[in-house]
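In the block that follows, a single chain appears as C-alpha coordinates, in the form predicted alone.
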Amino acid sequence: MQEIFKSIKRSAKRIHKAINFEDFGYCETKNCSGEKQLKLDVLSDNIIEEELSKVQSVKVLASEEKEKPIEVNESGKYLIGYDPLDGSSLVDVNLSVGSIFGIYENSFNGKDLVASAYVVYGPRVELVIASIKVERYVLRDNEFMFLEEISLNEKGKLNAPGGTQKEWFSFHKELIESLFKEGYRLRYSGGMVPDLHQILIKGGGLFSYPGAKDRPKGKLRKVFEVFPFANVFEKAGGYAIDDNGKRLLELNVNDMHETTPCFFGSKYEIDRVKEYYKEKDAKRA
(Lines give C-alpha, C1' and ligand atoms only; values in the text may rest on other atoms or scores of the structure.)
Protein backbone atom coordinates (compact mmCIF):
# COMPACT_ATOMS: atom_id res chain seq x y z
CA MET A 1 0.00 0.00 0.00
CA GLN A 2 2.84 2.44 0.80
CA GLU A 3 4.18 2.02 -2.74
CA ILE A 4 0.78 3.13 -4.06
CA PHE A 5 0.84 6.24 -1.89
CA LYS A 6 4.40 7.02 -3.07
CA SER A 7 3.17 6.70 -6.66
CA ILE A 8 0.27 9.07 -5.93
CA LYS A 9 2.75 11.59 -4.52
CA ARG A 10 4.89 11.37 -7.65
CA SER A 11 1.79 11.84 -9.80
CA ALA A 12 0.71 14.87 -7.77
CA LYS A 13 4.06 16.59 -8.22
CA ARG A 14 3.96 16.06 -11.97
CA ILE A 15 0.34 17.24 -12.29
CA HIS A 16 1.13 20.31 -10.18
CA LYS A 17 3.93 21.17 -12.60
CA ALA A 18 1.62 20.59 -15.58
CA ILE A 19 -1.03 22.92 -14.14
CA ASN A 20 1.60 25.62 -13.77
CA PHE A 21 3.09 25.32 -17.24
CA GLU A 22 0.92 23.35 -19.67
CA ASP A 23 -1.81 24.44 -22.12
CA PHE A 24 -5.32 24.84 -20.61
CA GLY A 25 -7.06 24.36 -23.96
CA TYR A 26 -9.44 21.62 -25.10
CA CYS A 27 -8.62 18.48 -27.07
CA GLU A 28 -10.66 17.30 -30.02
CA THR A 29 -11.63 14.20 -28.01
CA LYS A 30 -14.43 13.58 -25.51
CA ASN A 31 -14.43 11.30 -22.48
CA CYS A 32 -16.80 8.35 -22.08
CA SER A 33 -19.48 10.66 -20.61
CA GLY A 34 -19.49 12.80 -23.73
CA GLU A 35 -17.70 15.71 -22.06
CA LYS A 36 -15.06 17.56 -24.05
CA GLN A 37 -11.63 16.90 -22.56
CA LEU A 38 -9.13 19.53 -21.53
CA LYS A 39 -5.55 18.83 -22.52
CA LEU A 40 -4.79 18.84 -18.79
CA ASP A 41 -7.38 16.09 -18.22
CA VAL A 42 -5.66 13.84 -20.73
CA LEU A 43 -2.17 14.68 -19.49
CA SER A 44 -3.13 14.09 -15.84
CA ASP A 45 -4.73 10.77 -16.77
CA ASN A 46 -1.59 9.67 -18.59
CA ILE A 47 0.66 10.71 -15.70
CA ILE A 48 -1.32 8.73 -13.14
CA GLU A 49 -1.58 5.67 -15.36
CA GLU A 50 2.16 5.77 -16.00
CA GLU A 51 3.07 6.09 -12.32
CA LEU A 52 0.60 3.55 -10.91
CA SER A 53 1.42 1.00 -13.61
CA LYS A 54 4.93 0.76 -12.14
CA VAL A 55 3.58 -0.53 -8.80
CA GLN A 56 3.55 -4.32 -8.85
CA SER A 57 0.74 -4.58 -6.28
CA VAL A 58 -1.64 -2.70 -8.64
CA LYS A 59 -3.64 -5.09 -10.80
CA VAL A 60 -6.25 -2.87 -12.48
CA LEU A 61 -6.59 0.83 -13.20
CA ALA A 62 -9.92 2.52 -13.93
CA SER A 63 -10.03 6.20 -14.88
CA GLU A 64 -13.01 8.50 -15.08
CA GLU A 65 -11.59 9.58 -18.44
CA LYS A 66 -11.66 6.06 -19.92
CA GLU A 67 -14.61 3.83 -20.72
CA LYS A 68 -13.19 0.58 -19.35
CA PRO A 69 -10.61 -0.51 -16.74
CA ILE A 70 -7.22 -1.76 -17.90
CA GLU A 71 -5.14 -4.56 -16.37
CA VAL A 72 -1.56 -3.44 -15.71
CA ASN A 73 -0.09 -6.21 -13.53
CA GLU A 74 -1.62 -9.67 -13.68
CA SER A 75 -0.20 -10.66 -10.29
CA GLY A 76 -1.31 -7.45 -8.58
CA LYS A 77 -3.68 -7.24 -5.62
CA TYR A 78 -5.29 -3.81 -5.81
CA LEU A 79 -7.78 -2.16 -8.15
CA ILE A 80 -7.55 1.62 -8.33
CA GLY A 81 -10.31 3.94 -9.52
CA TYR A 82 -9.34 7.56 -9.99
CA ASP A 83 -10.46 10.93 -11.26
CA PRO A 84 -7.26 12.45 -12.64
CA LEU A 85 -8.28 16.12 -12.49
CA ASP A 86 -11.61 16.75 -10.80
CA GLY A 87 -12.99 20.24 -11.45
CA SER A 88 -10.60 20.82 -14.35
CA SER A 89 -12.94 23.41 -15.90
CA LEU A 90 -11.99 25.70 -12.98
CA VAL A 91 -8.31 25.77 -13.89
CA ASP A 92 -8.57 28.66 -16.34
CA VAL A 93 -10.10 30.92 -13.66
CA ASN A 94 -7.40 29.86 -11.16
CA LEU A 95 -9.62 28.04 -8.66
CA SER A 96 -8.48 24.92 -6.83
CA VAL A 97 -8.83 21.51 -8.51
CA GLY A 98 -7.88 18.01 -7.43
CA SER A 99 -7.18 14.33 -8.06
CA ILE A 100 -9.14 11.54 -6.34
CA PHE A 101 -8.05 7.93 -5.76
CA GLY A 102 -9.96 4.89 -4.48
CA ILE A 103 -8.00 1.73 -3.67
CA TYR A 104 -10.04 -1.47 -3.85
CA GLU A 105 -9.61 -5.23 -3.46
CA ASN A 106 -11.58 -7.86 -5.43
CA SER A 107 -14.13 -5.45 -6.96
CA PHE A 108 -15.04 -1.80 -7.33
CA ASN A 109 -18.00 -2.11 -4.94
CA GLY A 110 -18.06 0.18 -1.93
CA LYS A 111 -17.46 -2.61 0.59
CA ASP A 112 -14.20 -3.51 -1.17
CA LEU A 113 -12.64 -0.06 -0.87
CA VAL A 114 -9.70 -0.36 1.53
CA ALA A 115 -8.14 3.12 1.35
CA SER A 116 -8.44 6.40 -0.51
CA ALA A 117 -6.61 9.63 -1.13
CA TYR A 118 -7.06 12.98 -2.79
CA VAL A 119 -4.84 15.88 -3.81
CA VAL A 120 -5.76 19.58 -3.79
CA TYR A 121 -3.93 21.82 -6.25
CA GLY A 122 -4.53 25.30 -4.88
CA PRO A 123 -2.43 28.11 -3.43
CA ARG A 124 -0.42 25.18 -2.08
CA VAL A 125 -0.57 21.47 -2.91
CA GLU A 126 -2.06 19.24 -0.22
CA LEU A 127 -2.55 15.48 -0.02
CA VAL A 128 -5.05 13.69 2.21
CA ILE A 129 -4.73 9.93 2.79
CA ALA A 130 -7.46 7.87 4.46
CA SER A 131 -6.44 4.37 5.47
CA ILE A 132 -6.64 3.65 9.20
CA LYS A 133 -7.03 7.36 9.95
CA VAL A 134 -7.15 10.55 7.86
CA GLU A 135 -3.83 12.34 7.47
CA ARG A 136 -3.12 15.69 5.84
CA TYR A 137 0.16 16.50 4.08
CA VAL A 138 1.50 19.63 2.37
CA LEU A 139 4.05 19.85 -0.46
CA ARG A 140 7.16 21.72 0.71
CA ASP A 141 10.54 21.68 -1.05
CA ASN A 142 9.17 19.01 -3.40
CA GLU A 143 8.32 16.63 -0.54
CA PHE A 144 4.98 15.93 1.17
CA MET A 145 5.27 16.83 4.84
CA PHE A 146 2.79 15.63 7.48
CA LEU A 147 0.58 18.42 8.84
CA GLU A 148 -2.13 16.89 11.01
CA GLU A 149 -4.73 14.22 11.51
CA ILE A 150 -8.20 15.30 10.36
CA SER A 151 -11.34 14.74 12.40
CA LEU A 152 -14.84 16.20 12.13
CA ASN A 153 -16.94 17.81 14.83
CA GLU A 154 -20.51 16.70 15.55
CA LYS A 155 -21.80 19.80 13.79
CA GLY A 156 -20.37 22.18 11.23
CA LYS A 157 -21.07 25.62 9.76
CA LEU A 158 -20.66 25.17 5.99
CA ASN A 159 -23.23 24.29 3.34
CA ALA A 160 -22.09 23.23 -0.15
CA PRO A 161 -25.15 22.34 -2.30
CA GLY A 162 -24.44 20.94 -5.77
CA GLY A 163 -26.66 20.69 -8.83
CA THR A 164 -28.91 23.18 -10.60
CA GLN A 165 -31.30 24.72 -8.10
CA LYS A 166 -34.25 24.96 -10.46
CA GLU A 167 -34.06 21.16 -10.89
CA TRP A 168 -34.10 20.37 -7.15
CA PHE A 169 -37.04 18.56 -5.63
CA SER A 170 -38.96 20.57 -3.02
CA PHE A 171 -37.75 18.52 -0.06
CA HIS A 172 -34.11 19.08 -0.98
CA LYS A 173 -34.68 22.81 -1.39
CA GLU A 174 -36.34 22.87 2.05
CA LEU A 175 -33.32 21.07 3.55
CA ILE A 176 -30.84 23.53 2.09
CA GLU A 177 -32.88 26.57 3.07
CA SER A 178 -33.32 25.26 6.62
CA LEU A 179 -29.55 25.08 7.08
CA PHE A 180 -29.08 28.61 5.80
CA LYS A 181 -31.75 29.79 8.23
CA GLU A 182 -29.66 28.25 11.03
CA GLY A 183 -26.71 30.37 9.99
CA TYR A 184 -24.78 28.00 7.77
CA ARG A 185 -22.50 29.71 5.26
CA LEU A 186 -22.52 28.96 1.54
CA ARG A 187 -19.25 27.49 0.32
CA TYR A 188 -19.50 26.08 -3.19
CA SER A 189 -16.89 26.41 -5.93
CA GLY A 190 -18.16 23.77 -8.36
CA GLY A 191 -15.18 21.55 -7.54
CA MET A 192 -15.84 18.46 -5.44
CA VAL A 193 -12.29 18.25 -4.08
CA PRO A 194 -11.88 21.82 -2.78
CA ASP A 195 -15.44 21.95 -1.38
CA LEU A 196 -15.17 18.67 0.52
CA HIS A 197 -11.64 19.54 1.63
CA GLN A 198 -12.89 22.81 3.07
CA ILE A 199 -15.60 21.03 5.08
CA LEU A 200 -13.05 18.53 6.40
CA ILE A 201 -10.49 21.18 7.37
CA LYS A 202 -13.07 23.52 8.91
CA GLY A 203 -14.44 20.71 11.08
CA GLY A 204 -17.80 19.95 9.51
CA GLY A 205 -20.78 20.93 7.40
CA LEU A 206 -22.72 19.43 4.51
CA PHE A 207 -21.80 18.72 0.90
CA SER A 208 -24.75 17.51 -1.13
CA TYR A 209 -25.20 16.45 -4.72
CA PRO A 210 -28.80 15.20 -4.85
CA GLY A 211 -30.84 13.35 -7.36
CA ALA A 212 -32.79 16.03 -9.25
CA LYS A 213 -35.42 16.33 -11.95
CA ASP A 214 -32.76 16.48 -14.68
CA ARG A 215 -30.43 13.94 -13.02
CA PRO A 216 -32.44 11.48 -10.87
CA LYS A 217 -29.29 9.49 -10.04
CA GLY A 218 -27.11 12.51 -9.41
CA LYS A 219 -23.92 13.42 -11.26
CA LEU A 220 -21.03 12.12 -9.18
CA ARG A 221 -19.58 8.71 -9.98
CA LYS A 222 -19.40 6.01 -7.33
CA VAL A 223 -16.05 4.43 -8.19
CA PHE A 224 -14.01 7.56 -8.93
CA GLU A 225 -15.46 10.20 -6.61
CA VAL A 226 -18.17 9.06 -4.20
CA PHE A 227 -16.66 5.93 -2.61
CA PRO A 228 -13.21 7.47 -2.06
CA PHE A 229 -14.64 10.51 -0.30
CA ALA A 230 -17.12 8.38 1.67
CA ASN A 231 -14.13 6.56 3.12
CA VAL A 232 -12.41 9.85 3.99
CA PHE A 233 -15.46 11.23 5.78
CA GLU A 234 -16.17 8.04 7.73
CA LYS A 235 -12.54 7.68 8.82
CA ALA A 236 -12.63 11.33 9.96
CA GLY A 237 -15.69 10.64 12.13
CA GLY A 238 -18.30 11.89 9.69
CA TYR A 239 -20.96 10.24 7.56
CA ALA A 240 -21.65 9.63 3.89
CA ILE A 241 -25.08 8.47 2.67
CA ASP A 242 -27.29 8.30 -0.41
CA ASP A 243 -30.81 9.68 -0.76
CA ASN A 244 -32.25 6.58 0.93
CA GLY A 245 -30.13 7.08 4.03
CA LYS A 246 -27.88 4.14 3.14
CA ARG A 247 -24.13 4.25 3.68
CA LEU A 248 -22.49 5.01 0.37
CA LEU A 249 -19.89 2.33 1.05
CA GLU A 250 -22.64 -0.29 1.13
CA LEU A 251 -23.58 0.42 -2.49
CA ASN A 252 -22.64 -1.86 -5.37
CA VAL A 253 -21.57 -0.93 -8.89
CA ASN A 254 -23.24 -2.27 -12.03
CA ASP A 255 -21.38 0.06 -14.40
CA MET A 256 -17.98 1.69 -13.93
CA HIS A 257 -19.39 5.15 -14.53
CA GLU A 258 -22.56 4.72 -12.46
CA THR A 259 -23.62 7.76 -10.44
CA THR A 260 -25.54 8.20 -7.18
CA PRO A 261 -27.05 11.00 -5.10
CA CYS A 262 -24.65 11.64 -2.24
CA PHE A 263 -24.38 13.55 1.02
CA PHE A 264 -21.19 14.03 3.05
CA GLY A 265 -21.08 15.70 6.43
CA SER A 266 -20.96 15.73 10.20
CA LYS A 267 -23.49 13.80 12.27
CA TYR A 268 -25.86 16.74 12.74
CA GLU A 269 -26.11 17.58 9.05
CA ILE A 270 -26.55 13.97 7.95
CA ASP A 271 -29.33 13.56 10.52
CA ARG A 272 -31.01 16.58 8.93
CA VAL A 273 -30.71 14.99 5.49
CA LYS A 274 -32.42 11.84 6.77
CA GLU A 275 -35.17 13.94 8.34
CA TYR A 276 -35.99 15.82 5.13
CA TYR A 277 -35.59 12.79 2.88
CA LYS A 278 -37.65 10.26 4.83
CA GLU A 279 -40.81 11.01 2.85
CA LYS A 280 -39.11 11.96 -0.41
CA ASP A 281 -40.94 9.41 -2.57
CA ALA A 282 -44.36 10.71 -1.56
CA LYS A 283 -43.26 14.33 -2.01
CA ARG A 284 -41.69 13.58 -5.39
CA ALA A 285 -44.80 11.87 -6.77
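Start at 1 and count along the sequence shown; that's the residue number. Since this is a predicted model, take the numbers as computed values, not measurements.
The next section is about a form of this same protein that is not shown, the form predicted together with a small molecule.
**Student:** Taking heavy atoms only, is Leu79 within 4.5 angstroms of the small molecule in the predicted bound form?
**Tutor:** Contact with the small molecule, no.
**Student:** Evaluate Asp45 for contact with the small molecule in the predicted bound form, applying a 4.5 angstroms cut-off between non-hydrogen atoms, and reply yes or no.
**Tutor:** No, no contact at 4.5 Å.
**Student:** Taking the shortest heavy atom distance, is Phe207 within 4.5 Å of the small molecule in the predicted bound form?
**Tutor:** Yes, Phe207 lies within 4.5 Å of the small molecule in the predicted bound form.
**Student:** With a 4.5 Å heavy atom cut-off, would you call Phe146 a contact of the small molecule in the predicted bound form?
**Tutor:** Residue-level check for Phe146: no, no contact with the small molecule.
**Student:** Please pick out the stretch from 102 to 110, 121 to 129, 149 to 157, 162 to 170 that is in contact with the small molecule in the predicted bound form, where contact means heavy atoms within 4.5 Å.
**Tutor:** This holds for exactly one stretch, 162 to 170.
**Student:** With the small molecule left out of view, choose which of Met192, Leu200, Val134, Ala117 has a non-hydrogen atom within 4.5 angstroms of it in the predicted bound form.
**Tutor:** Filtering the options by heavy-atom distance leaves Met192.
**Student:** Heavy atom within 4.5 Å of the small molecule in the predicted bound form: which of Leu249, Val55, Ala236, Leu220 fits that? Just give me the one.
**Tutor:** Only one listed residue qualifies here, and that residue is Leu220.
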